[in-house]
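Only one chain is given next, in structure tokens, and it is the form predicted on its own.
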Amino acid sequence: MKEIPDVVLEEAAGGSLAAFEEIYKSASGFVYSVALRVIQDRADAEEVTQDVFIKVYKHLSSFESRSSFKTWLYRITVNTALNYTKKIQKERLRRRNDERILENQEVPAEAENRLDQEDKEKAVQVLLSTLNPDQRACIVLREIEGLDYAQIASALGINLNTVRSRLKRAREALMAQARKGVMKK
């Protein structure tokens, strides 16, 4: 970094944007280089460089010429980079802790049971969809609703032997579909 004349520093401290731009052009490479060495990540070093120049702009009027501007800038850069690194590490640690908490949380038994029940219901619906409507009606009334054969015959207005044959064919078709792997879908 080339030496910045005191007059430029004074003008920038007084609010001159042209003088501050001259400081930025002279020192930004130096600041970025130092930040990169501390942080070891280009994108983060660019962000630190921006933060440093915001701090320089805000606090340039408090700069006293007891040390060189380069030393003052170096101190601001290193402190900003170290603080940034600590912030990033805390954020990463917080994220890891949050992930561990989520991983270790147990799913309530009722939610798990509800999901299992929904999966079973979907599997049943897939199997039922493979039956013709007459067979489906008989199976639903018998296996899901729990009606006996006589009640099914009465509800559907068919004779008892028709109920028996539809249920037999429906069960055979369901077993064949289950063997084919329809339930895996």
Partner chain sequence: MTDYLDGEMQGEALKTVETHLAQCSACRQFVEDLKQAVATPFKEAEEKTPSERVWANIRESILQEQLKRKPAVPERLLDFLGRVFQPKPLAVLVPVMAVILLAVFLPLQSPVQKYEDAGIYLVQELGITGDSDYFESDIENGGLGTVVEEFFM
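Positions refer to the first chain, counted from 1. Since the model is a prediction, treat every value here as computed from it, not as a measurement. Here the rigid core means the biggest group of C-alpha atoms that line up within 1.5 Å when the two forms are laid on top of each other.
Keep in mind that the form predicted in complex with its partner chain is missing from the display, and what follows is about it.
- Its partner chain in the predicted complex comes within 4.5 Å of a heavy atom belonging to Y57.
- Taking the partner from the other structure, its partner chain in the predicted complex has no heavy atom within 4.5 Å of any heavy atom of F69.
- Using a 4.5 angstroms threshold between heavy atoms, E10 stays clear of its partner chain in the predicted complex.
- With a 4.5 Å cutoff on heavy atoms, S33 counts as touching its partner chain in the predicted complex.
- Annotation for 124-155: interface residues with its partner chain in the predicted complex are V124, L127, L128, I139, R142, E143, I144, D148, Y149 [heavy atom within 4.5 Å].
- Relative to the superposed core, S16 undergoes a Cα shift smaller than 2 Å between the shown form and the other one.
- A movement of the C-alpha atom of L127 reaching 2 angstroms or beyond is seen between the shown form and the other one when the two forms are aligned on their rigid core.
- For A45, the Cα coordinates differ by under 2 angstroms between the shown form and the other one after the core has been superposed.
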